[in-house]
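This text opens with one protein chain seen in two forms, each one given by itself as structure tokens under the names structure 1 and structure 2.
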Structure 1
């Protein structure tokens, strides 16, 4: 059974402050439109992110950090190495991510497929899993989508629930919380003393706002044929043109909420060091360079093709899902305005 509860905006901080004894709570923080997920600070100030559009860096960084220590090692006098696993127990074990946009919540569901996989998966990423199972995702439905948002073309909605445990709706003075998963229900139960019951008028208000907001998304691309078109387009001339203005900076992949490629590198000093897992990008030439000097993707062309193919053909093949949620980050931040919507539209029109 779905549960719906209500809380006054000006009471929310008090509730979170109390919960923060047990949870690390992440909220969007920032100013002048430049937001990023940060841990809730110990303050009495009212939460003010309700009107924020979206963060520049995707909240994937909470579960899949830009760089994280896999383990540390040291060498003793006899040159023997010993490994110690970094257990981040200084941090609280449980997380709440509050205010994540529905598109990004969906994207976390996709990352789950990669890092955790099916129940019988041979290898699971234990670092991701450990964070993920202890994380509650409370998404915030979008009252005012941006012009670069195109989630509705990709099975998303400004009030979409996929990937969230609870979805929050800003209905003015109050926030309406709707449970999506069992985990969400548990959380609501734990916090019940802060929450009130919804009235019919609250629901009406919510429905009205979010009917409007879906209509505000005017940017549409047609993705229906993309996977199929790409099946036969690996050698198409299209790739010779589409990459031309790309600088290969990799911003699009770093900020993308579904991109998940990483590198493993070592950092050392004298007799100790760390092995680190950090974001990497298919847009970089070193990504696939073999030790022999051979590189299967030596040029911008092949790398751009990989990025598009991975999202719109390989992932659909492997996970039955287009790995794009329409958040628009790559469109807003690409230094040369390479617009993925145009790429998708062009692919759809390939002969």
Structure 2
């Protein structure tokens, strides 16, 4: 059964102060004129993120870090090797991500399919799984979507619930909390002393705000049959055009909330070393470089094609989802103004 509760904004700090004894709490915090998800350290500080638009870097980095040590190894004087696993000792076991936007919460649901999969899947990332099962996601519905947002073209909404355990609605001086999962219900139960009952006027205010919010998303793309169009377009002429402005900087993939490519490298010295997992990008020339020296994607054209095919053809084939949530980060931050909406619309017009 869905539960809805209310909390006044001026009581939230006290609630988080109590929760921080048990949880690592991540919120969008101001950083160099922008916002980024950071662990809440001082719960006496006033929370000021309720009206933020979105972070530049996706909060996926909490569950899927830029880089992490998988294990370290060393050799003693008798040349015997020993291995120590990464136990994440610096973090509390349980996490709360508070204030993630619905598009990013939905994206985490996509990453779950990649790194965890169905219960009987053979390949599970234990590092991601450990963080994921101990993390509660409280998304924050969008009162003011940005001009580059196009989530509604991809089955999303400014108040979408997918991927969240609880969704929060800013309705002025109060926050309305609505449970989505059993994990969310349990969290609400644990925090009940800080929460009040929702009135009909609160529901009406919330519904009015988000009816207007949905109307503000004017950007539209046509994704109908995009996968089918790409099935027959691997050698289409338009690949020769769309990559021409690309610098290969990779910012579109590093900021994307659904991109999940990574590399694994070893850093070693004479008698010790560590194995490191770090983000990678299909837009980089070394991404598919073979040990033989052959590179099947030597140019911008092949790498741009891989990025588009992965999101709109390969992932729909493997996961039954377009791996784009319409957050608009790649549009806002591309240094040469490549717009994925224009690319999708060009694909939709292919014969």
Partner chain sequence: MINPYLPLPVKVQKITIENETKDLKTFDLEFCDKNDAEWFKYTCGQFAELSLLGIGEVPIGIASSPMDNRILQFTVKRYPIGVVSSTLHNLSEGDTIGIRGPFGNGFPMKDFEGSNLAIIGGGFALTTLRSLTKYIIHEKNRSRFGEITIMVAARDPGEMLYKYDLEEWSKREDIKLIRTIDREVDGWTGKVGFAAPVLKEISPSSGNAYAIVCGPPIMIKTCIAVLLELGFKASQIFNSLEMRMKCGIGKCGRCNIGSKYVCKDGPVFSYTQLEKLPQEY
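The structure presented is a predicted model; accordingly, all values stated were derived computationally and were not measured. Between two forms, the rigid core is defined as the largest C-alpha subset superposing within 1.5 Å. Positions refer to the first chain, counted from 1.
- Between the two isolated copies of the chain, the form predicted in complex with its partner chain corresponds to structure 1.
- Core-superposed comparison between the two structures: the Cα of residue 34 travels less than 2 Å.
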